[in-house]
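The chain that follows stands alone, in the form predicted on its own, written as structure tokens.
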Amino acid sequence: MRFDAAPGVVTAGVAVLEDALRVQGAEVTPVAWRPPPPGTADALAAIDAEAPNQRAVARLLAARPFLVDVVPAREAVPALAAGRGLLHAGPPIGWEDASGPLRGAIIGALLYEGWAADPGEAAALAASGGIDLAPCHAHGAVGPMAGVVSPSMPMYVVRDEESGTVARCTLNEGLGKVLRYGAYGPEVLDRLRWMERVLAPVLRAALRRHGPLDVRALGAQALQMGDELHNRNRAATALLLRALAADLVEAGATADVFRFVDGNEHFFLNIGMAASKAAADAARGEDGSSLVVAMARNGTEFGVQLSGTGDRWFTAPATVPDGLFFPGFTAADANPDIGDSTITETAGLGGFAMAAAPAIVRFVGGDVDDAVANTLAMYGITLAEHPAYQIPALGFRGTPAGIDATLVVRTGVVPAVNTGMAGREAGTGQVGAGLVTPPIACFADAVRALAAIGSGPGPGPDRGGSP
């Protein structure tokens, strides 16, 4: 022990002691730690997930997702090929419990498909049980914000070349008054129809000319250019457009197509979401593993799934993000957290990569030190560092990847998530963006369930193709 150096003190949870020590000139290192939730000690003691977790996270890190096609949702998702079905973000939910933005997106989708003539008829149809609702995650897909997918909507198809896992996601509409934020006015429907009839066919033709596009390589480059690939996709969108520009021209793309992509800095987001879903799904089905393979919100509940607990959701009430609001809106206008886009954090991006994107704080609030601190904290609840996704500001350290639910519960540190905010009332659209604190209760419930199943070695099921 050395006595010739100034003392260093680690504090946990008591700010007044931290402040008092600093006043006295002590070097203080605050730690975000809380005791585990009540009733989890026995479950944590019963779980021995080291070997299963190493197998599961190895598949997550090895994933090489490629963008391979753009097709109508009825072709991408067999469940949408017949009848009147819609997919939505987050854990399962019905119309009666749906939030305002999810209801708005459902209404918009019914109008878009021609299944209802006006918003009132659409709401009545949904309330009567005349529409089959299912989570995107249950069908190898993800959807941003409300995440509503209807049969005619075009979807990206992404395949992990290592495991064969396939994931799908719709095309990005942009910000503001858009369907995924619960808006359904004429301008929203006109944009969706243009995307279906003009944008999607030319993207499909260009991609087929180009061949499969390496999404991981593109995302890795974008991280080193200042993106975090959830709420900042400026570099990734530019790189995507550059990669496909010649093929788009040869496929007959008009100036409107280039203007739309150029004016939508979130255009890459949906591709990145599908790539993250393909990587996370490759890690599913490992008996005894506490690796988180899905985090998602439906505007009412926040839910998680673990590799070792099958398709079961563990949920708790969703919270309202804290951040910056568009002019004319306040926290009273914001709906609780919603969307499947937290699949990016599940794969080691988004809030986990904020240190790579200091400019993100201008969109979600906080300062640059907060962005770095968020990333550093996530190393304490993850199983690995991503070999491809690296952060220049941290000496090209890999992003923290592979959330371990047992570490979340042991430390009390929850995943860092940055997100957009939807208006509470159906039809409002986006009202802002910020950071959200996931409820630890769903991680605690997942850990208890994993302990009840019993941990142990064993290979997972075949993950090829679709679920």
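Remember, predicted model here, so these are calculated numbers, not experimental data. From 1 onward, residues are counted along the sequence shown.
There is another form of the same protein, the form predicted in complex with another copy of the chain; it is not shown, and what comes next is about it.
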>> Using a 4.5 Å heavy atom cut-off, which of 68-76, 141-149, 261-269, 187-195 contacts another copy of the chain in the predicted complex?
In response: 261-269
> Considering another copy of the chain in the predicted complex, which of Ala245, Ala117, Ala124, Ala81 comes within 4.5 Å of it through any heavy atom?
Replying inline: Ala245
> Only one of Thr254, Thr319, Ser128, Thr330 has a non-hydrogen atom within 4.5 angstroms of another copy of the chain in the predicted complex; which is it?
Replying inline: Thr254
> Would Leu241 sit within 4.5 Å of another copy of the chain in the predicted complex, counting heavy atoms only?
Replying inline: yes
> Looking at the partner-bound form in the predicted complex, is Arg234 within 4.5 Å of another copy of the chain by any heavy atom?
Replying inline: yes
>> Gln224 versus another copy of the chain, in the predicted complex: is there a non-hydrogen atom within 4.5 Å?
In response: yes
> Ala134: heavy atom within 4.5 Å of another copy of the chain in the predicted complex?
Replying inline: no
> Quick one: which residues from 65-98 get a non-hydrogen atom within 4.5 Å of another copy of the chain in the predicted complex?
Replying inline: none
